[in-house]
Ligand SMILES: Cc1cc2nc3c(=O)[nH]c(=O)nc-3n(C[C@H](O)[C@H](O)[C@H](O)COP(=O)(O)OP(=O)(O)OC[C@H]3O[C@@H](n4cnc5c(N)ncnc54)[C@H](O)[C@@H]3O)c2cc1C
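Presented as structure tokens, the chain that follows is alone, the form predicted alone.
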Amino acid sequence: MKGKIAIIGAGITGLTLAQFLKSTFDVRLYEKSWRPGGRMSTRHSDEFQFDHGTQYFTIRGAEFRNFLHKALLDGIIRPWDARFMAFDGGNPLKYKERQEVVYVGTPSMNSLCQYLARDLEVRCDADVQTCRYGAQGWFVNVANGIEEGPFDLLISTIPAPQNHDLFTTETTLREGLASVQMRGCSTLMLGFHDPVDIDWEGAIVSNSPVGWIGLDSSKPARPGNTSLVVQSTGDWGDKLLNAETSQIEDLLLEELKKISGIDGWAASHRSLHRWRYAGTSKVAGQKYFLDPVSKLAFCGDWCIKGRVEAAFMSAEALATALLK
């Protein structure tokens, strides 16, 4: 009889874990959103589509490339042949030579997570409120008040601060979780019926509240109408987290105009999303956390570095330890 594992979070980390463990264990994932993905997210609105979380990712290690091999063959991820520019505040732009290929999910960033989840048991709209460990194992209580379990092992892949709050007394790993520092991000999504007057697809910005400007509609297999994403830096993401929506929009629109000349106030569509935990300013410094006594584990990109491949590396390392 297979052991039973519960995984909290169905982003890249949780889905990778489940793929590695599914042949040996019965695995169930709990995801508070309406679909898997985490920060690999896509928002649709009328004629526009926005990757409002992760903008792109790289593939550096052989293990990650092997893991994504079939997704590459199936066209679920594709290279994004984007011209990147570098801005220093409002100073003239400079071409930023890319040292490696960047990839995106197609037809949306979320497509990769949907692909990885296709043969897994994922409970969406399942916001885990409490977790309880007893003689029989782990039990989880989701927002509807139903307790599910027992599970032989519980793994959480949500951001470290949320783990620290969720597991208040059950683990000796809290000190390691508390050391992790994560940053927020505000994402402004702008849709235009006419093309914008720029000759680049991505801009990395310094010395500004804006950290990134991306022409999402230039990514492979996207809808034709112009979709632009403007993301704040982590510092400003934290500062603006509780600000009025109009205040955040006005600041990002002013910066967008100063940096690129684009008049975002003329957009046909405008919306904002705030990420409380988008990046990691201080990582855990180890690939995962595992407490064999309480049968509890934590992993995520925040263990190594705030990158998609880091999420994979953390999950692969934990899966290897469990399978041994």
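Just so it is clear, the structure is predicted and the values come from calculations on it, not from any experiment. So that there is no doubt, residue numbering starts at 1 and follows the sequence shown.
There is also a form predicted in complex with the ligand; it is not shown, and the following applies to it.
Only one of 233, 162, 114, 218 lies close to the ligand in the predicted bound form, with a heavy atom inside 4.5 Å, and it is 162.
With the partner omitted here, the residue from 147, 81, 127, 254 that has a non-hydrogen atom within 4.5 angstroms of the ligand in the predicted bound form is 127. Only one segment in the set 240-248, 184-192, 201-209, 86-94 has any non-hydrogen atom within 4.5 angstroms of the ligand in the predicted bound form, and it is 184-192.
The candidate spot formed by 43, 226 and 269 is out of contact with the ligand in the predicted bound form: none of the three has a heavy atom within 4.5 Å. Mapping the unseen interface onto this chain, residue 5 falls outside it, with no heavy atom inside 4.5 Å of the ligand in the predicted bound form. The shortest heavy atom separation between residue 17 and the ligand in the predicted bound form exceeds 4.5 Å.
Although the partner is absent here, residue 67 sits far enough away that none of its heavy atoms falls within 4.5 Å of the ligand in the predicted bound form. Taking the partner from elsewhere, residue 297 is found to have every heavy atom lying beyond 4.5 Å of the ligand in the predicted bound form. Contacts of stretch 280-317 with the ligand in the predicted bound form, defined by any heavy atom lying within 4.5 Å, are made by 300, 301, 306, 307, 308, 311, listed in sequence order.
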